[in-house]
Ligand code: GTP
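A lone chain, given as C-alpha cells: the form predicted alone.
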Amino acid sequence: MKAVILVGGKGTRLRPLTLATPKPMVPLANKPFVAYVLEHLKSHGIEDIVFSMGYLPEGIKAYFGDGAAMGVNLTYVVEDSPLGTAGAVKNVEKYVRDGDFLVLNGDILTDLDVGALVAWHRERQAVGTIALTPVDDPTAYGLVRIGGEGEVLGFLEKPSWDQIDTNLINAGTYVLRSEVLEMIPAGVEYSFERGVFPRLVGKGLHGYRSDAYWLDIGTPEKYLQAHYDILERNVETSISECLDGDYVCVQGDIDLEIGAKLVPPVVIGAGTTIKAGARVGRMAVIGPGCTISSGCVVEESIVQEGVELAGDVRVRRSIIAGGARIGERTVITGGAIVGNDAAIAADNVLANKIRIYPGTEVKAGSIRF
C-alpha cells in the first residue's frame, strides 16, 4: 500500500516559526515533525510514500531526499496553486491509482494503529474509511455520525451543544479506493471534507473509531503540547527509548558544567553547553548547538538549534527559534515566540503571546510586554 502525505499548507497559525520553514519541517524534539509521520508509516510496513506539496517544498526535498536514510521510498509532487485536500491527492493520481491507498494530513501527531485501520477498511470492502477520534469539546469541530457497523451516516459542522449526538471527529487519516479519484476534478481546489465524503455517505464510506493519541500541531499552544506529550511519553515516538528510565534524553555529546541542573523530563541536543548555575527543565527541549549561560532557567519551553541565552535569562512556556540571541536578564514567558535569528538585548520582558519576527533586533529594556 502507498501513502500520500498532505504538506501543502502555509502554517499561518504557527508564524513566525513557519515564515521560512514549512510547517512539516518545524522541529519537534529536535527532528522535523514530518519525520515522525514517516517513522510511523514505516513501523506499519508502509514504505512507498508521496509528498503532495505546496509551500516551501525545497526544504523538505533537501532534508529527506529519496527517503533511503529512513528506509522508505519518497516521491515529491508540487502543486502550482492551492488545490485543497482532495485536489492535492488528485494531483498525485498517477502514483496511487493501482489500488487502495492511505492519505494523511501532514500536521497530525498520532500513534494510530494504521494496520488495524486498513484491516477494518478491507473487512468491510469500504470505498473509503475515515479514522475518527473522540474529543472533549465537540463544538470546535465538524462531527462524524456513524452507525453500528461503522458506516458513516452524515456530518455535522461545528454544532451547538444542543445539536451534538456524537463526539467523533475526522482524525485526518483515510484509506481510499482508487476509484474515489474519479470523483475529484483535476486542477481545481477541492476538499475531501466538503466535496468527496458527503457524496460517499450511503455508498460505502465507513468510519474507524480509535482512542489512540491524536493532536493537530497547527497552533503554538498545540506545538508546545506535542512536546510535553512526547516528553511525558503520552505518545510513543522514536524519542521514547531515549527518555526511557530517567526521562533525560541527551542526543549526543554536550558540555554540562558542574553545578548545572537538568530537571526531567528534558531533551538536550548534541553540542549544547549548559553552564554552571543554569537550570533546564522540567518539560524543556534544547536544540543542538545551544549555549545556556549561568543563572538561566528554561522550563516548559522549546529552545531550537543554535540559540544563545546570556546570563540570568528566564524562559517559561515559550518558544525560541533557531539562531536567536537573548541578552542578560531578559524574561520570555506566557506563550511568547522569538523568531529565527532575532537578537533580543538585555533586560526585556516578552510575555502575553508576543511574536518577535525573524531577524528582529530589540534594544535593551525596550519591551516590557
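All residue numbers are counted from 1 along the displayed sequence. None of these values were measured; they are calculated from a predicted model.
Not on display, but discussed next: the form predicted in complex with the ligand.
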Item to check | Non-hydrogen atom contact residue 82 with the ligand in the model of the complex at 4.5 angstroms | outcome: yes
Next on the checklist: Does any part of residue 16 reach within 4.5 Å of the ligand in the model of the complex? Heavy atoms only, please.
Outcome noted: no
Next on the checklist: If we define contact as a non-hydrogen atom of the residue within 4.5 angstroms of the partner, is residue 88 a contact of the ligand in the model of the complex?
Outcome noted: yes
Next on the checklist: Test of understanding: in the model of the complex, would residue 318 fall inside 4.5 Å of the ligand by heavy atoms?
Outcome noted: no
Checklist entry - Tell me which of 199 to 207, 101 to 109, 267 to 275, 179 to 187 has residues with heavy atoms within 4.5 angstroms of the ligand in the model of the complex? => result 101 to 109
Checklist entry - Is any part of 42 to 59 within 4.5 angstroms of the ligand in the model of the complex by a non-hydrogen atom, and which residues would that be? => result 52, 53
